[in-house]
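Below you will find one chain, with nothing else, as structure tokens; this is the form predicted on its own, and questions on how it binds or moves follow later.
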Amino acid sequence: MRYSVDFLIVGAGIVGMFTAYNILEKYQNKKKIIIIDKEKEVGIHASGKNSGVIHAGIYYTPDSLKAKFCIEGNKFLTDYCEKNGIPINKVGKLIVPTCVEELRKLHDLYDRAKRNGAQVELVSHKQAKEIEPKVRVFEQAIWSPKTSTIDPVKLIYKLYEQLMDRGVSFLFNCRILSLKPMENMILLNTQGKDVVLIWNDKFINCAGLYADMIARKFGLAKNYIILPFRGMYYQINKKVLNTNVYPVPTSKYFLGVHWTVYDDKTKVGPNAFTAFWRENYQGLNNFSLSELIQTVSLNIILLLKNKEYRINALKELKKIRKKDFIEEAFKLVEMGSMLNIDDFIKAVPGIRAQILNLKNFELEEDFIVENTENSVHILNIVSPGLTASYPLTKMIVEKFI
């Protein structure tokens, strides 16, 4: 079978689908779009496995793409969920220090948030306890009333439904047999059938964990490689707090174990460790020897070359044991006899597609977009990727498509 489309998007996650959404808006539904994915349905990876936090724009370096799009994305997603009947938990967030050193960092974080235009307040110990009586806080905390939580799967499926209604085609279970950028052609196998797709305008790479490999087919991402990080959560099957509770981040690489609140449950985590291969979710599922060799080798070099990463990665190792993990979480809240270790149930882990810069062996902090005449490649979509997905892809469509 052979098909011709205007835009071919690889990746049926939130970024790929909002890219299609913005193309439809720009061209008033007049362009033919197909989204392909190697999985059997939408949102199988980071889009469906993230914590579902709609962030408020606090942490990100001023003038970064993350800072630019997080606040706009927060407003858009809040409005979108309300208009489309997607439950949204407007519970806010407290960021709490536990010592003098963290209090100093809290003030720096508050200044950064204000420069970003985030709506935040510096509250006293008493005010923080009024918001959440169980919170542990050293003197002051940051209160973020605009932080919310959603079920990301419900968002993804609502968007999928709307795109289908507007004429976007989806092709699942796709295995790429060959990709010919100079000919605007890709050969796929899906459900045992070979399919040739020709794109007339742009090939758009939103492939997440494999975005770097696809970009290299177009001569891009020459100095980048994805280093996957696996984040493990524990879940409590009831709501135990009024608001999300986060620590003061002490590293640009790891945010720290935090409490995330939903209507009927609470998530605690994540920790963060380098995954052994890109889809190292559980056991030996999706095992790849070549990816194992690559990720282990890169992580060893990173540990040797990057002192800050090494120090903080060793701290993360202490959270492997469930007991140590939960002790870390209890530095932020006081539950008394309300919870015990058996209440914490291991949840499905997520994997972030973190870009490593091979020139300086730094983990890239911001979103990265590269392009050729006939393609656009969206790389390093890590937190707040869900929150920023609409305005980021809107900018990409306006600038490159």
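Quick note: we count residues from 1 along the sequence shown, nothing fancier. Nothing here was measured: the structure is a model prediction, and the numbers come from that model.
Only in words, not in the display: the form predicted together with a small molecule, which the text now covers.
Asks: Indicate whether the small molecule has at least one heavy atom within 4.5 Å of a heavy atom of residue 391 in the model of the complex.
Replies: Result no; residue 391 lies far from the small molecule in the model of the complex.
Asks: Give a yes or no for residue 309: in the model of the complex, does one of its heavy atoms lie within 4.5 Å of a heavy atom belonging to the small molecule?
Replies: Close contact is absent here: in the model of the complex, residue 309 is far from the small molecule, nothing within 4.5 Å, heavy atoms only.
Asks: Is there any non-hydrogen atom of residue 15 lying within 4.5 Å of the small molecule in the model of the complex?
Replies: Yes.
Asks: Can any non-hydrogen atom of residue 221 be found within 4.5 angstroms of the small molecule in the model of the complex?
Replies: Residue 221 lies outside the contact set for the small molecule.
Asks: Note which of 33, 356, 333, 53 lies within 4.5 Å of the small molecule in the model of the complex, where distance is taken over heavy atoms; exactly one does.
Replies: Result of the distance check: 53.
Asks: Hey, of 25-33, 53-61, 358-366, 337-345, which bit sits against the small molecule in the model of the complex at 4.5 Å between non-hydrogen atoms?
Replies: After filtering at 4.5 Å, what remains is 53-61.
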